[in-house]
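A single chain, nothing else alongside it, follows as structure tokens in the form predicted alone.
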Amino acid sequence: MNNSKINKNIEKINLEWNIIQSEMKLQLGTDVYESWIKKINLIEEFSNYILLSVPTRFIRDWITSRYLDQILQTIKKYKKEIVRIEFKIEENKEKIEKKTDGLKKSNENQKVSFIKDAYFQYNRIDPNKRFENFLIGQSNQIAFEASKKVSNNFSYYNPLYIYGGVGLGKTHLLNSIGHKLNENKKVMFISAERFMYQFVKSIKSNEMVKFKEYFRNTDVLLIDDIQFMNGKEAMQEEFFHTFNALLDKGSQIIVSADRPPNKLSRIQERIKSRFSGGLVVDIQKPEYDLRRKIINHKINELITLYSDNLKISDEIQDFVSSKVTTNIRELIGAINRLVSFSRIYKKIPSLSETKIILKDLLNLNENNVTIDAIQTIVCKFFKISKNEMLSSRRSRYLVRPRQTAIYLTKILTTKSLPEIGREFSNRDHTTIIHSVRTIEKLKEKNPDMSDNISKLKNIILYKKDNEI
């Protein structure tokens, strides 16, 4: 089967929203999925855009500012003609859900604490993530053993700080610890993002006393993705006092992050010092043997789930294991794509078909692009300093390079608009959108601008420094 025929067939398939949501859950994690992505429904699909529904304007604005780009990129993997997303507010549906939630009574004997509010009510611990199904290799052995030690010997390491890149298993370990300690301890498991959400909500509703009670009346506090607490001084102040109160009463604290404590940006020094005072362990990128083990485990799991003939060949498994090296989440996403292809076309993909299906994951140069590298290369190209680019000055000779760097960051990385804004001196996401649209228009009208963008892309992706 030739490449054009495969692509043509794939393009004709209507979007399956449950598949999109499953992939977003893998990309963004269970907490973000349960809080935001799960609330999205597909209303209608048009030739070049789709209409989605959400319960409230607040949820729409939050998703638009933080996750819209990643959702669109995921959709384009399955239907590349889709270039935009529109939202519809279904307020009546939300009112029904709120009434239903109001009738539900919480289980007083439940040991896992969680925050109740108008929109969300859920148990943060994922029952599918346990020590028993955590696959171990050299890259995660130390983190696994430390997590087991804390689970079997309460407060042995306090706090336990686990760090590593996206999709390497940090959240899985926190869930596993939560499951184990929940057998005889009171456990609170929450992400830093949700902690922030509850903090702000408690201030607005004048319920800070209740907020303090929730988080200080627990035996075990597990906080995921602590790096998202950056820059929020009032929240950090409250977290610091909660942290101390829990340590004083002998509670266990486990924290995960994407970097070590001393590399956390815009986090109070005293909080970083507290983190460093416990046991700090990292999870590295999975080595080949672990990637191969994960692929084999996932395929066996899917065979059990679907009871189909999903025998992905050893050649394909070896190829994916050697090429998809960034993280475990992308590895599982790759297998899900191959299995979806197999079920849709009633055939096992060949090696050439696999390369087409996973073409975006196999672009290793693109996956390794960093914002810092883009900024450095663009500054060198336009002969300005990085301090000038990141300054608040609006001189024309600085604005255009700044917009160019923002545009390249948007198209060459998977960073969200707020993340890009933070790396460009905390600019608002609307500024980022304006910069991207400005460069797109200039590319159409100005051949020199289009040529400069092409040159810069080549330099960034293929390290052709001699072109500057």
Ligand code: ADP
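Since the structure is predicted, the reported quantities are computational estimates derived from the model, not experimental observations. Start at 1 with the first residue shown and count on from there.
Missing here is the form predicted together with the named molecule; even so, the following discussion is about that form.
Undergrad: Identify, from the list Ile203, Ile142, Leu135, Ile344, the residue with a heavy atom within 4.5 Å of the named molecule in the predicted complex.
TA: Exactly one residue meets the criterion: Leu135.
Undergrad: Would you kindly say which of Ile294, Leu358, Val280, Ala192 lies with a heavy atom within 4.5 Å of the named molecule in the predicted complex?
TA: Contact check passes for Ile294.
Undergrad: Is Gly178 one of the residues lying within 4.5 Å of the named molecule in the predicted complex, judged by heavy atom distances?
TA: Gly178: no contact with the named molecule in the predicted complex.
Undergrad: Would Ser321 sit within 4.5 Å of the named molecule in the predicted complex, counting heavy atoms only?
TA: Answer no; every heavy atom of Ser321 is more than 4.5 Å from the named molecule in the predicted complex.
Undergrad: Is Gly165 near the named molecule? Define near as a heavy atom within 4.5 Å, in the predicted complex.
TA: Close contact exists here: in the predicted complex, Gly165 approaches the named molecule to within 4.5 Å, heavy atoms only.
Undergrad: Counting only non-hydrogen atoms and a 4.5 angstroms cut-off, does Thr171 reach the named molecule in the predicted complex?
TA: Yes, contact at 4.5 Å.
Undergrad: In the predicted complex, which of the stretches 235-243, 77-85, 207-215, 325-333 has residues with heavy atoms within 4.5 Å of the named molecule?
TA: Heavy-atom contact with the partner occurs in 325-333.
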